[in-house]
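A single chain, nothing else alongside it, follows as structure tokens in the form predicted alone.
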Amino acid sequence: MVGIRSYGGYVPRYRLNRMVIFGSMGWINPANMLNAQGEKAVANFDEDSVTMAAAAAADCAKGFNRDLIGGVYFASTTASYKERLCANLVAGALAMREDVRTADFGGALKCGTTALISALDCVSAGTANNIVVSAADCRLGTMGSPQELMFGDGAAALMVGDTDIIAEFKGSFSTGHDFVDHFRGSESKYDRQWEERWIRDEGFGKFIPEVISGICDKYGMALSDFAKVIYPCYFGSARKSINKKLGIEPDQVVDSLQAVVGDAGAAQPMLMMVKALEEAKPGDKILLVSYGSGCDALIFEVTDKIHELKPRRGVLGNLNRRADLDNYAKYLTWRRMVTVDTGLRGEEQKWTRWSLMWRAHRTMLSLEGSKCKACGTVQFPPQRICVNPSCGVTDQSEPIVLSEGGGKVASFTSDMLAASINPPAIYGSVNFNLGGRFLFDFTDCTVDDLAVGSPVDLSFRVKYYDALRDITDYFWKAVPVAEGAE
């Protein structure tokens, strides 16, 4: 049996009310009022598609032996690098072995499900097992555009394997069309789209029914056989038309999350799939459809194992973990859509020394420290000589991954003089729960959220962006654990 073993999701903490956007930019296109309901999820200034994919993948892999994971696939249309395998960054953040299969998928919004199909084929062929497929997007629309209102940021991950399957894979059907509705050239930062009626009627309105009819004909099924039907489409009128055309009942349709997240691009259908699995029961058949330069359609049937999977944060947990971002200018600054003055300190050259990065890549990507075999003392960064004064042995340590264990605040400060596009910069010492201490930036919080001794999770984030050389560098930051959170 081949199918889904686990799932994970990630929605950024910050949500921007669409009326805040319209209040600033509605003058350029008053018709955008029609798109100004609800809120959109906004990645923090130190988040991008790679960090969100890593967060979703970590949620998916929680409780699994990382040595048994055979691959990491990353799908996005907004990867931070064109020539650097971002799947390796996600795999590094998961503290994976380095002899696993890694691959990036992109070029179309359906790349998330295309990566999922590739993983399913790979497991079916027996060439790899327990592949984590993580999709994420952080797409931008120009100021005042409909896309600015409709797009949201998020990520989702699914683990594909052949044992302990919570949703068995039953088959797939795909179409490919060079239908240009949205596009972004190789040098473009912002999404461009053709006329909305064209996208709605000729795109969603024809290709989604086409692929659904195709997969039903291929496997001799009817839409009434499915407990849940998933397809991305942020046009409410188009969704109603598609449902009516195909005879999809209201209780079959999985919420598109448009009102609370927005359209998350390559991650959108998988986010909806995670939401469906969070609410699924054994025997449910799920039809998963993606859209973008054609469509993918996949059929899954939920098994009894769904009740044995330990709780994930998933989509529902992340939706409950939110904070308002009520400043439109801050959103523009975080996404580097406008330039701000961060003072003379902000003009410092951020040199990336690739030789050093390689020598310490396990330390930086996996937050790997060292544990003394003689006395058990944990150190970070890893050292050859044990720091314990009563021990002091040399070259008698083993690696230990500290990212999953979390920690507690040992000290903290807020700094208005440090160069930051989200002042004040907040940083301090964290005591790892597994042993050792290190200085971290705090993120997704204000200084009022911190107290000495309070618990923190460790989150893979953007450490800095070198605009001169277009280099994004990653490291770990500390995130306060909200009271009552998992």
Partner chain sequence: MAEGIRDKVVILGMGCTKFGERWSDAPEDLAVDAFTECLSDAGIEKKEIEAAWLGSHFDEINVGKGGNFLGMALKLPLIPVTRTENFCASGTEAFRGACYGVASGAYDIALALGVEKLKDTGYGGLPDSPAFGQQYAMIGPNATAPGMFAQLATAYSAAYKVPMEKIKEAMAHISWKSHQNGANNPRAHLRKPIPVEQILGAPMIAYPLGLFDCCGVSDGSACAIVTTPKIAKKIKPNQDLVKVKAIQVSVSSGEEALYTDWDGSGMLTTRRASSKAYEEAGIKNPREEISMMEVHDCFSITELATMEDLHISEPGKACDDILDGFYDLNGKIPCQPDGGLKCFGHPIAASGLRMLFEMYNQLLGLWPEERQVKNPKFGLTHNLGGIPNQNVCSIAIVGL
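Positions refer to the first chain, counted from 1. Owing to the predicted nature of the structure, the values given are computational and were not obtained by experimental measurement.
A second form of this protein, the form predicted together with its partner chain, is not displayed here; the remarks below concern that form.
Heavy atoms of A425 reach within 4.5 Å of its partner chain in the predicted complex, making it an interface residue. Of the heavy atoms in P381, some are within 4.5 Å of its partner chain in the predicted complex.
In the predicted complex, D441 approaches its partner chain with a heavy atom inside 4.5 Å. The closest heavy atom approach of D415 to its partner chain in the predicted complex falls within 4.5 Å. None of 283-291, 111-119, 387-395, 329-337 except one has non-hydrogen atoms within 4.5 angstroms of its partner chain in the predicted complex; the exception is 387-395. Only one of R353, H177, R97, K373 comes within 4.5 Å of its partner chain in the predicted complex through a heavy atom, and that residue is R353. Among the residues D217, E348, E279, D304, the one placing a heavy atom within 4.5 Å of its partner chain in the predicted complex is E348. Looking at 155-180, no residue comes within 4.5 Å of its partner chain in the predicted complex, counting any heavy atom.
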